[in-house]
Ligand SMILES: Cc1cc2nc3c(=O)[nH]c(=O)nc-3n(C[C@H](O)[C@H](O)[C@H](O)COP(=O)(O)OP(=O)(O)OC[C@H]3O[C@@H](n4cnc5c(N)ncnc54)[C@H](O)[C@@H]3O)c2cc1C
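One chain comes next, on its own, written as structure tokens: the form predicted on its own.
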């Protein structure tokens, strides 16, 4: 048993997962689903690629089962995204395979996977090991991506249709953004008094070329933004070059989702807010007074 099965819905995810297992002996095989399955860059990954024209976790599980049976990989690996977590945890449970999540360092020692991961909302780091075969979910933008341009063999993989008849689908409201790939994110929290006021954050994001994300209350409780804008330990984990947190107190559950940001800027009127202890830069100010001034300055600079 050797090699790795890389599972991903974006080319960047696949390249980083390939980078994470670059030192592992054996064949590397890719299962690309969703948007990645439509990307022409699949033909330049330099490894064998199977594309699945679906993002449904049940379909991903079935495709992984086919490839696992065929190639017997030591590691099944991908980013810790919602679909990967749902599909691969189900697969691991069905086949009694150990699983590691939030991995930031990875290696092989004999027949074990050794890795580091954060816990206690990223306040501590643990070094652990599990036997192979293993499922490993890595944090994004941690491992150096493989930039291979060699030709790859690409095949379509098919899975059996569900026996259950689907009568209706009511999709959740989604923003259509991809926070995982964003280089600049403007995060909004309970400092905003009403939904309409979020336009201040969207205007700032427009000027910076950024995406807008949210803390749990904004997306889950108030539902002012779609669920895929939720950043935190139960939402999305992001790693932008710049994260601007506006009106966010800095609860551990939220900060766990942004700890891999290169720079964190906090704007909060409460000088004792916990987020200031983890921010690189802090602004103690009322967002309703500060943001209009900041937006005006950026607009003036853009006109020059």
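Numbering follows the first chain given and starts at 1. Here, rigid core means the biggest group of C-alpha atoms that superpose within 1.5 Å across both forms. Fair warning: this is a prediction, and the values are worked out from it, not measured in the lab.
Note that the form predicted in complex with the ligand isn't included here; everything after this is about it.
Of the stretches 241 to 249, 25 to 33, 38 to 46, 56 to 64, only 241 to 249 has residues with a heavy atom within 4.5 Å of the ligand in the predicted complex. For the three residues 217, 253 and 273, a heavy atom within 4.5 Å of the ligand turns up in the predicted complex in every case. Of the heavy atoms in residue 230, some are within 4.5 Å of the ligand in the predicted complex. With a 4.5 Å cutoff on heavy atoms, residue 89 does not count as touching the ligand in the predicted complex; it lies far away.
Taking non-hydrogen atoms only, residue 281 never approaches the ligand to within 4.5 angstroms in the predicted complex. Mapping the unseen interface onto this chain, residue 269 counts among the residues with a heavy atom inside 4.5 Å of the ligand in the predicted complex. Interface residues of 33 to 56, taken as those with a heavy atom within 4.5 Å of the ligand in the predicted complex (partner not displayed), are absent. Core-superposed comparison between the shown form and the other one: the CA of residue 133 stays below a 2 Å shift. Once both forms are fitted on their rigid core, the CA atom of residue 101 lies less than 2 Å apart between the shown form and the other one.
Annotation for residue 292: C-alpha shift of 2 angstroms or more between the shown form and the other one, rigid core superposed.
Between residue 278 and residue 139, the Cα spacing is larger in the predicted complex than in the shown form, differing by no less than 3 Å.
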